[in-house]
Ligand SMILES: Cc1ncc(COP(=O)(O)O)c(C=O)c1O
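In structure tokens, one chain follows: the form predicted alone.
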């Protein structure tokens, strides 16, 4: 194609839009038109941000904290985050220089890949995966390489699968535990086996830990960067405030890495977004400084999430043709609907159009035959939506 006829860059033409946001937008458009839609599509807590966090942000605004700050983030917040990752996650030797605050957890993921991967590299991505990982690899010029792990193995890859997938072009492995979309969690033994392979081959790991506090059934979250000094040097830990503190619209992500990687990330951010919103970071700082209040709010959310999780799990498994594993983290269930013999894109479209129930098809997560349902919504919506889904399945 000649230059004068080309509309988009090769990068832009090669990137797909987010299917989760597309489903959420369509559901909201139907609601705005007066339709009674039961939305299971959005990965967003339905609770308000804790009041003391909002008050800290409002106080910062009132005091004129509306100017530029260092691109890597508010110094006090970076210091608090470094302390948090040492004391809670067990990652030793961290200083503020290892921490970058970004405009959202999604952007932290993007920055981690941009800073370490490029053309000719492979980024190994376990599937089911969060929809944006492959597209972020493409945006860096790298090639996504997918390893699939279905419900028969708990949606978790093995060290053996990883070893077989690695080539001389492999640069990074993405780990997401607890997982979006499955809610699966790697235990320490599973993660240590994977990290042994990673370190043997000198790969980077992007460990997406955005759901680290949303845990059920007494399971434990493990940060792979805490396993050894060698692991800490190769692991880039990304997270944020959106899911834990119901701060999705605040757009505050975090990244913890070796000093050279963190410096590169901050440089990229300085040339793209500058700093994340200044006064919002004072709210995030309050969440860390008043951790007892913050964790009390998280515990209250978890009580509701857990009840919804178990109700939705039992309800889905009671439907003929649906098989749903028991998720132990995040706020998603990922049932297997392959028995119906129709593509999940078609299933999701028909379910929304005919029964006004919004789910995300598994195709967007690299897992055809599954759908994702978020229980970060009200009990009323869950009960009504499950009844509609049951009716829909009975007529397939």
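Numbering follows the first chain given and starts at 1. Bear in mind the structure is a predicted one, so any value in this text is a computation, not a measurement.
Heads up, the form predicted in complex with the named molecule isn't pictured, but that's what we're talking about next.
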Next item on the list: Have a look at 211, 85, 204, 245 for me and say which one sits with a heavy atom within 4.5 Å of the named molecule in the predicted bound form.
Entry: 211
Check: Since exactly one of 144, 96, 104, 325 fits, which has a heavy atom within 4.5 Å of the named molecule in the predicted bound form?
Finding: 104
Note to self: With the partner left out here, check for me: in the predicted bound form, does some heavy atom of residue 110 sit within 4.5 Å of the named molecule?
What the structure shows: no
Notebook entry, point to check: Would residue 227 count as touching the named molecule in the predicted bound form under a 4.5 Å heavy atom rule?
Noted result: no
Check: Within a 4.5 Å heavy atom cut-off, is residue 182 in contact with the named molecule in the predicted bound form?
Finding: no
Item checked: residue 133 within 4.5 Å of the named molecule in the predicted bound form, heavy atoms -> yes
Next item on the list: Work out which of the listed stretches, 263-271, 159-167, 189-197, 125-133, brings a heavy atom within 4.5 angstroms of the named molecule in the predicted bound form.
Entry: 125-133
Check: Which residues in 6-35 have a heavy atom within 4.5 Å of the named molecule in the predicted bound form?
Finding: none
